[in-house]
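The chain that follows stands alone, in the form predicted on its own, written as structure tokens.
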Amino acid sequence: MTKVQLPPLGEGIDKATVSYWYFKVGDKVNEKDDLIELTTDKATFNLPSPASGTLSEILVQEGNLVNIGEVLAIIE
């Protein structure tokens, strides 16, 4: 099991908004696939998958805020 967490984003940025999930629960993902689009007050960026496997759970829905270190999803 791999937890997908929001990594440190830079000085003064401590949260982001989940804009879009590129995969849905049950989909197979490969390491480094674009998994999530995130937006901060300064930029929009994609977070790659940290591992290959099946996206088993999405913990933060589109439109919600997430803090640095918070778990976004689980990959089995």
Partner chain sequence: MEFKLFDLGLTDFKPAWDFQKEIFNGVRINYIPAGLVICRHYPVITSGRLTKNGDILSDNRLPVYPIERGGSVTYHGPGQLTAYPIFNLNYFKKDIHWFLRQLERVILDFLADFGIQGLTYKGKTGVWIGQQKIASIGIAVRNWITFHGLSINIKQNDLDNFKLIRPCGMDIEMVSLESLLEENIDIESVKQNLVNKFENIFSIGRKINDQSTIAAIR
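Fair warning: this is a prediction, and the values are worked out from it, not measured in the lab. Numbering follows the first chain given and starts at 1.
We do not show the form predicted together with the partner chain, though everything after this point is about it.
Proximity to the partner chain in the predicted bound form holds for all of 10, 37 and 43, with the criterion being a heavy atom within 4.5 Å. Contact check for residue 22: a non-hydrogen atom falls within 4.5 Å of the partner chain in the predicted bound form. None of the heavy atoms of residue 26 is located within 4.5 Å of the partner chain in the predicted bound form.
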